[in-house]
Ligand SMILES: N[C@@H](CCC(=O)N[C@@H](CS)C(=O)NCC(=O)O)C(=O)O
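Shown below, as C-alpha cells, is a lone chain in the form predicted alone; questions about how it binds or moves come after it.
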C-alpha cells in the first residue's frame, strides 16, 4: 500500500503521525497541492474529491479521510492501540475527534481559506471553485480562540485529550495546534499553560519527532 500525501497539509499529517506511532513503513507519494496536482485526472480517479490523504491498498482500493484510514491501519496493526480499548475509550476518542474537527479544524480552515491570497477562488477544498467570504475569516479566528480555550480547560483536568493515555485524539489535536499559526497568525499555546505543557510532551515523543 502507499499513502498520497502533502507535507504541509494537516489532514495527511495526522495519518503520517499515526503511521509513525504504529511503527509502520508505508511508502508515500507527494501530491503537490500548490501545483494543483490533486486536480489531475490520474489523481481524481483515486479520489474524486481532489483531497489528500489517500491510502491506496495493494488491490487498488483507495481509502480517503484521515479517520477512516487510521481506523483501517488500527485493524491491520492493533498494537500499540491508538483508537481506544473497549467501548468507552473508543467512544471518547471518536467524541473528541469530532469536537476537535468541528470546533477547531473547521474554524481554522475558515480563517485560512477565506483570508489568504493563495486561496482566492478556492475557499473550500475539492474540485468546485468557491469564492472567499472575508467575514468568515474573522469569524474563524474568533471560533478558533474559543476552541483553544476549551482545549486548555480539558488539558488542565486530563493528561491527554481523550483520557489518561496517548491516543489518536492527541494526534488530531497536535496537528491542529501546529496548523493554527498558519491559519490565524497566532500561537495558541500563548497564555495557555496546560496546552503548552501537553504540546511539548507530544512533540517530544520519538515517533512524532521522526514523522515531523
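Note that the structure is a prediction, hence the values are computed from the model and not measured. Residue numbers count along the first chain shown, from 1.
There is another form of the same protein, the form predicted together with the ligand; it is not shown, and what comes next is about it.
**Student:** Consider residue 65 of the chain shown here, and say whether it contacts the ligand in the predicted complex, taking contact as heavy atoms within 4.5 Å.
**Tutor:** Result yes; residue 65 sits at the interface with the ligand in the predicted complex.
**Student:** Should residue 155 be counted as a contact of the ligand in the predicted complex, where contact means heavy atoms within 4.5 Å?
**Tutor:** Residue-level check for residue 155: no, no contact with the ligand.
**Student:** Just to confirm, residue 169 within 4.5 Å of the ligand in the predicted complex by heavy atoms?
**Tutor:** Looking in the predicted complex, residue contacts with the ligand do not include residue 169, since no heavy atom lies within 4.5 Å.
**Student:** Against the ligand in the predicted complex, would residue 189 count as a contact residue? Criterion: heavy atoms within 4.5 Å.
**Tutor:** No, residue 189 stays farther than 4.5 Å from the ligand in the predicted complex.
**Student:** Using heavy atoms only and a 4.5 Å cut-off, determine which of 122, 71, 139, 77 is in contact with the ligand in the predicted complex.
**Tutor:** None of the other options qualify; the answer is 122.
**Student:** Given the stretches 22-30, 157-165, 143-151, 45-53, which is the single one in contact with the ligand in the predicted complex, using a heavy atom cutoff of 4.5 Å?
**Tutor:** That would be 45-53.
**Student:** Can you tell me which residues in 1-37 come within 4.5 angstroms of the ligand in the predicted complex, by heavy atoms?
**Tutor:** The stretch touches the partner through 9, 10, 11, 12, 14, 33.
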